[in-house]
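Before any questions on binding or motion, here is one chain by itself as structure tokens, the form predicted on its own.
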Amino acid sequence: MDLALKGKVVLITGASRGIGAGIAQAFAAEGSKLAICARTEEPLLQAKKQLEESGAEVLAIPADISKPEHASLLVDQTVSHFGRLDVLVNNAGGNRRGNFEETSDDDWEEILNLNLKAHIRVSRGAIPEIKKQNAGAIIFISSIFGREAGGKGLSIYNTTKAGMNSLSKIMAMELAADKIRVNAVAPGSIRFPGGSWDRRCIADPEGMAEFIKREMPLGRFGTVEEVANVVTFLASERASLVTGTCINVDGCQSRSLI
């Protein structure tokens, strides 16, 4: 299926590894032009090299989007380099575990800023540029733990991802008249080299085998490619009536009825 994304300019945050890198590869395969960012320059430049080897035109921007000045810099540099912006993928994020009673204001501020406030700032900067194209898409990479309880120790993460889902819904309503579709994608447990699930599988293969048997109806972890396929579809006009929704990519792992 031709998603008609060739030549579209796509800005992806947190794109040097894992799900973000997989999303960048998927857009590259569609012929999109890419602006990618990450906090650490070396892996970011390595990701840029791999994308260019696949034929993509890539702008790599070392930036920490949790810093307000870096968030605005992303959009400015993307538009300065490519002359336009069509799609924004808000992917960067992190986690800090801890029992709620023992969490501090600093704990909350760090993850609220990275998982939610940073994407608010980048999105606000991107919207005027996407409007100029008379159509476009904004996609938030959320989590199934933004749709249901993630468990003990995840009060901060759960809150930020639930906030992301809520934000995307309201943005979709407000931007519909401008033909900008806004959606969230909620991955389940995704395994990739160096990721948290990969480390757990290596450290405790028997425990992870039991986890898969208990929690994963398809009998396996998801892949970054499976998440990326949904993201590229949502960015395309093939998904022209899909906006204001959150789509699970979890192999039926989650238990929410909505």
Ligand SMILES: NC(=O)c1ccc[n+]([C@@H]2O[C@H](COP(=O)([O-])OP(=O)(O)OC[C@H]3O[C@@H](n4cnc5c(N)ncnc54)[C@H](OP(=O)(O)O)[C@@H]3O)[C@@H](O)[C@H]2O)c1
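Computed from a predicted model, the values in this text were never measured in an experiment. All residue numbers are counted from 1 along the displayed sequence.
We do not show the form predicted in complex with the named molecule, though everything after this point is about it.
Proximity to the named molecule in the predicted bound form, taken as a non-hydrogen atom within 4.5 angstroms, holds for one residue of 231, 35, 51, 38, which is 38. Between the named molecule and the residues 122, 182, 85, 141, the one pair within 4.5 Å by heavy atoms in the predicted bound form involves 141. Although the partner is absent here, residue 127 sits far enough away that none of its heavy atoms falls within 4.5 Å of the named molecule in the predicted bound form. The named molecule in the predicted bound form comes within 4.5 Å of no heavy atom belonging to residue 153. Among residues of the shown chain, residue 147 is not one whose heavy atoms approach the named molecule to within 4.5 Å in the predicted bound form. Although the partner is absent here, residue 18 is a contact residue: one of its heavy atoms lies within 4.5 angstroms of the named molecule in the predicted bound form. Comment: 91 to 99 is the region of 91 to 99, 75 to 83, 129 to 137, 173 to 181 lying near the named molecule in the predicted bound form, near meaning a non-hydrogen atom within 4.5 Å. Of all the residues from 146 to 166, those having a non-hydrogen atom no more than 4.5 Å from the named molecule in the predicted bound form are 157, 161.
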